[in-house]
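A single chain comes next, written as structure tokens; it is the form predicted on its own.
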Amino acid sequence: MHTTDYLQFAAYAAIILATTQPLGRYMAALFSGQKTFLSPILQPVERLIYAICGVQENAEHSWKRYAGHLLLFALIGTITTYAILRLQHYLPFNPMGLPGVPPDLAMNTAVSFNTNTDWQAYSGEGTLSYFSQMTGLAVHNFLSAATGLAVAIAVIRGFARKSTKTIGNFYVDLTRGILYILLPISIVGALILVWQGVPQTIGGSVDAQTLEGARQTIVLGPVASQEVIKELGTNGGGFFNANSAHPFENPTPLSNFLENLLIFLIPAALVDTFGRMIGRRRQAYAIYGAMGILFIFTLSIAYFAEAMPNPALTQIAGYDPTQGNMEGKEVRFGLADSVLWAVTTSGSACGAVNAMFDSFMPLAGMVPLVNIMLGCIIFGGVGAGLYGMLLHVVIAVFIAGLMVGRTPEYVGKKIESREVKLALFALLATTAGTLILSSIASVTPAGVAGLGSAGPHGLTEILYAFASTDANNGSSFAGLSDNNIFYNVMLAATMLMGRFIVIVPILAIAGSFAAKKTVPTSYGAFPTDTGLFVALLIAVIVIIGGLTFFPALALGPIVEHFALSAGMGY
């Protein structure tokens, strides 16, 4: 434990806080139809896109139509990506002559990148051509992130509007998210990464001779452009198999810090956007406070768990217990950077990694697992974090209403049984998918065949894979060999469930709220912008997660912690 670690954590939090309001204000103006400083440059481009695609800018959708267009768009994107991967050996920019991707892996990857999961059951540099990386994956990093952002904005409109049947236009929200937010930041970010040493080329690989005299092939490619949207869009899919632990994706401590900032940049600002668009910024402060407290709490647990000596290494000559557990970490980043990244990438739906979770201490490895099980709501994926947190808000307000004996109210709208049922369905359906499918994998020969470890750690590997894909996170414990038909099909199904079983109910909730009238706050109503509500919201999140997942955690990382402390290995 070092003072510099705490200073780095504080600097990270301070920068995120400093960027929240400016970016939140910008997004609120953009999606409210107001002009921004980029409008003179980008508005002609935006209108040209609408003209080419036949989109009527002022024609809004009901929640059902909004969801229908979203699902159709996702289906077309998945089919297109699948075709690109299968046919990449016929397509250009394939200097290494890589063959087409096998059907089950192509299907898994297409679903992965179109659900903003970016789960990777393959080695990117040895499986995908530059064309597949750029058009099949990087493009969908923009599209899937913009889709989540569009859903969040539609949900915000549902809370903000009254007595209306529409919540916006999906294609307009999608276009503005890419054109005014994701693209400008990505262009600047990619140039910075190139400056830091990240490759951006369509040239082939180069050969080098190592100090030992061996010949090594070094794969290059259009890395910087994919790396920045990987983080900014909370996608997580790396150009290389080692992801952000690879020196070509993340070469310096500065690039590491900047990439880590990009993960929380938009999700944190979206909370401020929510407060501005509904005209009740104190409500946003309450949600932001709950997210911040959960972030600090989980970061503290992971950091102190990793800073402790590893009992499995204490007998090895030369091991320095004061350095904590450096197993599986890049020395150029160290323990603090690795832990901070692990908490941000799992608190969001990013999934990018700069260290191997499989090598974390059991309790430290449990932190990203728990963050994912809670739905990646600290601060969550682009859009997905906010609307995922709002599902918990609906449940918390309902419980508060029962406690005070009043009809539950939130931002001037009464919460009725329809909204509560939809919220519970979205929360329980996805968690049930995680537990049911992971239990099947843990007793199926095809499921256990790929385990890298036995005992509780092996169970954690399986559990993490299904929790990660269910929450559309995409990170893994890395010890599980999952590139086979069983896992490619099972995890693809989990990704689809985790994405759309949440999106459709939350859009239905938005439509229901938009149709309601705003009513004056009744006497005795539970205030939802105070510290007491923040405490209740956190309690609801923890209790729902605890009741659902504690038995599985007890059989995995918790029992492994006690076994490791007792000197037991598997």
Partner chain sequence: MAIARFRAPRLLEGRLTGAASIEAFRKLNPATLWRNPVIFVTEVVALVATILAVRQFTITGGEHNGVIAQICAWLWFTVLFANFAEAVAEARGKAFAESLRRTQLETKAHRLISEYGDATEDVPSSSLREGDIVIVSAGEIIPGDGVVIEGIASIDESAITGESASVIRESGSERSGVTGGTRVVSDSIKVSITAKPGHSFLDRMIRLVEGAERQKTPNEIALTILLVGLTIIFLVVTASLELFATYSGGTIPMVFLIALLVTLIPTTIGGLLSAIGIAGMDRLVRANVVAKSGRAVEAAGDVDVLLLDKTGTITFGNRMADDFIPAPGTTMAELVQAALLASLSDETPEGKSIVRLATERYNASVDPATVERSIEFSAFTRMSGADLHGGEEVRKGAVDAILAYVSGDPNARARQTAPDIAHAVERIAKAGGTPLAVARAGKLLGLIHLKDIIKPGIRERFGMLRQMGIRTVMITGDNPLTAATIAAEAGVDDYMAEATPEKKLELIRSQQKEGKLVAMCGDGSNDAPALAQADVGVAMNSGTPAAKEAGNLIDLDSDPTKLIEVVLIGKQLLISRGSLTTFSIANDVAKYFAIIPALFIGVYPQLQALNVMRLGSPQSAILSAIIFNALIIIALIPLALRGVNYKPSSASALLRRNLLVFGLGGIVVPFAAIKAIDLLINAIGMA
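Numbering follows the first chain given and starts at 1. Not measured: the values here are computed from a predicted model.
This next part talks about the form predicted together with the partner chain, which is not shown.
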- Query: Thinking of the partner chain in the predicted complex, which stretch from 261-269, 281-289, 451-459, 228-236 has heavy atoms inside 4.5 Å of it?
  - Reply: 451-459
- Query: How about Ala305: is it within 4.5 Å of the partner chain in the predicted complex, going by heavy atoms?
  - Reply: no
- Query: Would Leu23 sit within 4.5 Å of the partner chain in the predicted complex, counting heavy atoms only?
  - Reply: no
- Query: Hey, in the predicted complex, is Val559 touching the partner chain, heavy atoms inside 4.5 Å?
  - Reply: yes
- Contact label in the predicted complex: Leu299 to the partner chain, heavy atom within 4.5 Å: no
- Message: Is it true that Gly100, Val206 and Val219, all three, sit within 4.5 Å of the partner chain in the predicted complex, judged by heavy atoms?
- Response: no
- May I ask you to choose, among Thr431, Thr166, Thr78, Asn325, the residue with a heavy atom within 4.5 Å of the partner chain in the predicted complex? Thr431
- Heavy atom within 4.5 Å of the partner chain in the predicted complex: which of Ile399, Leu71, Leu87, Leu183 fits that? Just give me the one. Ile399
- Judged by heavy atom distances of 4.5 Å or less, which residues of 527-561 approach the partner chain in the predicted complex? Pro527, Leu532, Leu536, Ile543, Ile544, Gly546, Leu547, Thr548, Phe550, Pro551, Ala552, Ala554, Leu555, Ile558, Val559
